[in-house]
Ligand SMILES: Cc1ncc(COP(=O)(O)O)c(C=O)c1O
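A lone chain, given as structure tokens: the form predicted on its own.
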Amino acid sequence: MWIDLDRQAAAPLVTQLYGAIRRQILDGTLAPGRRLPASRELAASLRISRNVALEAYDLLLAEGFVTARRGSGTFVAAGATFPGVGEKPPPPAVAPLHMGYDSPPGVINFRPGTPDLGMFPSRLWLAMVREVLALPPQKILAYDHPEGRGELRQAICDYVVARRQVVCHPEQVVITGGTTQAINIVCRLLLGQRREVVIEDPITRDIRSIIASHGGRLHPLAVDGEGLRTELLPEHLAPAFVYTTPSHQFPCGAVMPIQRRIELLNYATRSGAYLVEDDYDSEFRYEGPPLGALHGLLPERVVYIGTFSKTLSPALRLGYLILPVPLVEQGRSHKWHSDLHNEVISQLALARFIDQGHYLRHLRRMRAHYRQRRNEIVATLKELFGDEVDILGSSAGLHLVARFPGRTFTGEFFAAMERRGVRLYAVAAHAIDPETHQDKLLLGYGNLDPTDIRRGLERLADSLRARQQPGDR
């Protein structure tokens, strides 16, 4: 056997020796029945410890590559040849998977839905994690329940009952890895014999693709300044569910008034459909207190989705479902089959963060912070564009919509803006029927400082004024 061992390599000598013999057996260089050198002989020829040779032979024996005969030696086993096993192939040429919001360094990115990551309460969070890690290991390091830790489910229940007018018990709460996993669980729960799903149009592309991937047949309904146009609800359908964002419609930002909420509830009662309420950034309302959730009006027909991605950080991957009682057991089962359970230490840290009052104080701080950012972007838009722009959906959330009547924003325009160092987003990109939204820009401001907001909008103004004709031509 010719074996070359690299004493400077990171791989241990045992691993190198075992791998070299294994490769020669697989490719047929060492034929079945061939006797291998004795461990002393091999160790001496390679100038290694005999223990290294013995351990390599033991690994080969355990995997069946060799057989050992007492008094005779070690032999290559029959049936262990598999020609064609070579070196590791080059890495695949695959494009990175992203959500469409990435931009090169130095670009002013008006990405929607991203909180101010510099405002994350790192010291407080670290203190909560330290408290959790001081608990007995069996309480924090073992496998746990798929529905989530009881401490966090109780804390969430207390919060949404008191602050969002949700009607539920902790047993109805299922902890998820954010809104994306929650939507997947909802689809598995509700898409059975009924496959039709009514959604708002426009709405984030991720939701559309997830529902479609589960076999849902999408029925888009237009939105206006008051959210989903409930007069368009299809009476001839019996949909599995209606997906809605009543507290702050994405991306148009509308807040649904009580009259439309009641129409939606009546529709659910008549058709037997569930309502899936995505309450993703309801905590950030700047004109009056946060509105009550739709859930509290008809809890037996509403599936409520909440997340901490906007209020704390998307990296935590913590969200929750509140399920009607008949769906709880099956919902827990789907969560179990999805990923067993969320990471435990973060769940317990968040439960303490809420219970000790830090979460409410953080929300008050961030609401004031984002209100100031909202005021700055609105004032700058009015200063730079005056009557040329209509500002929509600015009463809540981390984004608004700037409508420029008479203009059409195309891919060429967005590419040109990115070359000028500004990343902008089209409302039309989230629409199934994009024609009525070609004049709208989606501007996220949560993770931008005032200087970048102004610089980005000034470059937008310069670009629009440089165009001789209305529209992007």
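Residue numbers run from 1 along the displayed sequence. Computed from a prediction, not measured in an experiment: that's the story for all the values here.
If you look for the form predicted together with the named molecule, you will not find it shown, but the lines that follow are about it.
Heavy atoms within 4.5 Å of the named molecule in the model of the complex map, among the stretches 121 to 129, 368 to 376, 276 to 284, 102 to 110, onto 276 to 284 alone. Proximity to the named molecule in the model of the complex, defined as a heavy atom within 4.5 Å, singles out one entry of 330, 356, 180, 81, which is 180. Among the residues 317, 229, 194, 145, the one placing a heavy atom within 4.5 Å of the named molecule in the model of the complex is 317.
Within 4.5 Å of any heavy atom of the named molecule in the model of the complex lies no heavy atom of residue 160. Contact between residue 199 and the named molecule in the model of the complex is not found at the 4.5 Å heavy atom cutoff. For the chain shown alone, residue 309 is a contact residue for the named molecule in the model of the complex, at least one non-hydrogen atom being within 4.5 angstroms. Not displayed here, the named molecule is approached by residue 204 to within 4.5 Å at the level of heavy atoms in the model of the complex.
Scanning 248 to 271 for heavy atoms within 4.5 Å of the named molecule in the model of the complex gives just one residue, 250.
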